[in-house]
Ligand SMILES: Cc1cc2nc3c(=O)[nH]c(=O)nc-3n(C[C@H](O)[C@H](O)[C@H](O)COP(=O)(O)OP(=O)(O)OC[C@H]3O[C@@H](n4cnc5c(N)ncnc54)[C@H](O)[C@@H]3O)c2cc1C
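What follows is one chain in structure tokens, specifically the form predicted on its own.
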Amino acid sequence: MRHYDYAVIGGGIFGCYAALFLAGRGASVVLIEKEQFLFRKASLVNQARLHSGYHYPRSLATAAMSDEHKERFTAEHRDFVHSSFEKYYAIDKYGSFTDPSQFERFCAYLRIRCERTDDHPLFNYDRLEAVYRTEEHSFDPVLLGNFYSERVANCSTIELLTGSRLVEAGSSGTSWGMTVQTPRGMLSLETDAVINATYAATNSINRLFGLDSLALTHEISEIGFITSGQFANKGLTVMDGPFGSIMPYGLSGLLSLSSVAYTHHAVSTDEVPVFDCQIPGDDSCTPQAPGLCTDCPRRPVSNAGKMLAQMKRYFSDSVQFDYLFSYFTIKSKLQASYIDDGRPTEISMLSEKPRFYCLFAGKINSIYEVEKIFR
């Protein structure tokens, strides 16, 4: 029976940062990740947007939190941040939940850059009501993953268990006992506190500890990757509603492509992500332990063609794009988010004796919120 001060479950950016922060304060930590490597799911499969707040004009709380941590995240991860591209936000003439005057007031309130651009040769103003030059950066998920993986591996007070799955948990009243299936067999652990940072598997882990579930919606999501000679090193996000975005994917030289209407292929409102593509007897992906969608032979047929066709309407005929490939993953969000499209970071203590924290977040620059809980 091995004993630790903390067990962190989930090896994405939030789990890794929490483990490193706690280890830096002298705690012994075990970090448990189901996949063979860290940063394989939502921490890799995303638009790589380093939010400055623009994306959430109907959720001031999410926007303010994004902007609050942007400068610190950029300073501490400068080698993995692309900050030198032209970024534009635009409002579609039809169906947007936000009009230009609202967006301008929103940006003024947050004191973020918002310069109206009424004549840009690459954009189709017959379809766009307003275009704004903004300031928003992109992080590189691959380089960031390598950086945090190396830090975790070199930290003497973190034991990393990859390819490992929690199968049983129980409380003694003062600590948690856990059984973990590892590549070398079953391992018994004891820990004073647990942090659940598994994102799509949040409720599955909560259930194992006999604790409450969150009201979540799960979506199999696709991020497409494209290139463009005319629109290289630039980004356009059309909002607020069923629109889309094209922007640099970190320092890769690629552009990420997403669309509210076509990025999400399947939706599950069950407590755990239940999808038709999950096959009984195939343990590589179950509702209790979601797998890697990109590597799955049953992953959805790509919607990249539809996403690209939608976004091309906002560009002049001179702009050409070439589609390369797509990544897929399961993304989860709070069901209450449909009201204002907010993406709050929630760190809840679901059990005090022994301690159990549920860390649910989707915006990378809010990793520092863990510091407010574990001071």
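Numbering starts at 1 and runs along the sequence shown. No experiment lies behind these values; they were computed from the predicted model shown.
Absent from the display: the form predicted together with this ligand. The rest refers to it.
Q: Of the residues Ser52, Ser59, Gln310, Thr329, which one places a heavy atom within 4.5 Å of this ligand in the predicted complex?
A: Spelling it out, the residue with a heavy atom inside the cut-off is Thr329.
Q: Is it the case that Leu110, Tyr125 and Val238 all touch this ligand in the predicted complex, with a non-hydrogen atom of each within 4.5 angstroms?
A: No, none of the three is in contact.
Q: Any idea which of 201-209, 228-236, 85-93, 100-108 reaches within 4.5 Å of this ligand in the predicted complex, heavy atoms considered?
A: Going by heavy atoms within 4.5 Å, the stretch is 201-209.
Q: Taking heavy atoms and a 4.5 Å cut-off, does Ala63 contact this ligand in the predicted complex?
A: No, Ala63 sits far enough from this ligand in the predicted complex that none of its heavy atoms falls within 4.5 Å.
Q: Does Ile347 reach this ligand in the predicted complex if we count a contact as any heavy atom within 4.5 Å?
A: Judged by the heavy-atom cut-off of 4.5 Å, Ile347 is well away from this ligand in the predicted complex.
Q: State yes or no: in the predicted complex, is some non-hydrogen atom of Glu35 no more than 4.5 angstroms from a non-hydrogen atom of this ligand?
A: Although this ligand is absent here, Glu35 would touch it in the predicted complex, with heavy atoms inside 4.5 Å.
Q: Given that the partner is absent here, does Leu20 sit within 4.5 Å of this ligand in the predicted complex, heavy atoms only?
A: Judged by the heavy-atom cut-off of 4.5 Å, Leu20 is well away from this ligand in the predicted complex.
Q: Give, in sequence order, every residue of 32-55 that has a heavy atom within 4.5 Å of this ligand in the predicted complex, or say none if there are no such residues.
A: Sequence-ordered list: Ile32, Glu33, Lys34, Glu35, Lys41, Ala42, Ser43, Val45, Asn46, Gln47, Ala48, Arg49, His51.
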